[in-house]
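A single chain comes next, written as structure tokens; it is the form predicted alone.
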């Protein structure tokens, strides 16, 4: 089987202040065969080139939306990207099957601790529940949504050696997606991708 073509669509509106996302994105750039695409760098005025973005999506099998978790969702340019790129008649609706069969997931960072993202926690919902609009968008487009990769407590991570284990896991996950080494059935139903990465790596 040929390697899957993986596209990381990255969005961070204040990259110079990023503690974790910047390092994760750097790690993704080092993974052979992974395409990385920085939305804020490419479209600082939000004037998204729809045809270019659609062509990128067609060229890849796996789409990873990497971003900080802002107001229980993604930064504004991700919503704009979804609004204008996933057109009716192209991504969904009559004749809209361009993305059918592809994989979609989020890779995100939160300021709060993992315990806060629980029915009894401060944020009342799990990450999987809070990211359900992406899950449903994938479903509408005939894509398969996978559990998110999540780094919690990003505000407490500032040094290279604190972030390095997460960067390594993220790079491992991208390579697993590329090489079809993840159990997609489990990845589709897991709460997050984090444990699955460790188990898959340990089984090598």
Partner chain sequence: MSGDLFTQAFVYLTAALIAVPIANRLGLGSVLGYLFAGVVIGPFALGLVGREGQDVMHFAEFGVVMMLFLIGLELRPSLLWEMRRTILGLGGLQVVVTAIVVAGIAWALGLAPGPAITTGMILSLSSTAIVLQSLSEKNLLRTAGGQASFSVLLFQDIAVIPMIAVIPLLASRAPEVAADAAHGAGHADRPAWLQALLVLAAIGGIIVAGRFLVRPMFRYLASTRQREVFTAAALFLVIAITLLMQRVGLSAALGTFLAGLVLAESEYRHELEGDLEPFKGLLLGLFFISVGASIDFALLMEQPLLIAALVLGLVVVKLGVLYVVARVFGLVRPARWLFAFALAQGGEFAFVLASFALQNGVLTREQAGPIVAVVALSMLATPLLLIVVERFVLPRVTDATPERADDEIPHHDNPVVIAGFGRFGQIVGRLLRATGYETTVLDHDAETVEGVQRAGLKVYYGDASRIELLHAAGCARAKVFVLAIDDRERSLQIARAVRQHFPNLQVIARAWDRLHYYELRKLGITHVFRETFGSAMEAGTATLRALGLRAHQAHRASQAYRAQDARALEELAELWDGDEDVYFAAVRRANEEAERLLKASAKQREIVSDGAFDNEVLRPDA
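Remember, it's a predicted structure, so these values are computed and weren't measured experimentally. Residue numbers count along the first chain shown, from 1.
If you look for the form predicted in complex with its partner chain, you will not find it shown, but the lines that follow are about it.
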Exercise. Would residue 136 count as a contact of its partner chain in the predicted bound form, using a 4.5 angstroms cut-off between non-hydrogen atoms?
Worked result: no
Problem set entry | Close approach of residue 155 to its partner chain in the predicted bound form, 4.5 Å, heavy atom | yes
For this session: Please run the contact check for residue 26 against its partner chain in the predicted bound form: heavy atoms, 4.5 angstroms, yes or no?
Result: no
Exercise. Counting only non-hydrogen atoms and a 4.5 angstroms cut-off, does residue 41 reach its partner chain in the predicted bound form?
Worked result: yes
Exercise. When its partner chain is placed as it is in the predicted bound form, which of 173-181, 59-67, 42-50, 138-146 ends up with heavy atoms within 4.5 Å of it?
Worked result: 42-50
Seminar exercise, completed: Exactly one of 89, 101, 111, 121 comes within 4.5 Å of its partner chain in the predicted bound form through a heavy atom, and that residue is 111
Problem set entry | Stretch 5-24: residues contacting its partner chain in the predicted bound form, 4.5 Å heavy atom cut-off | 12, 13, 14, 15, 16, 17, 19
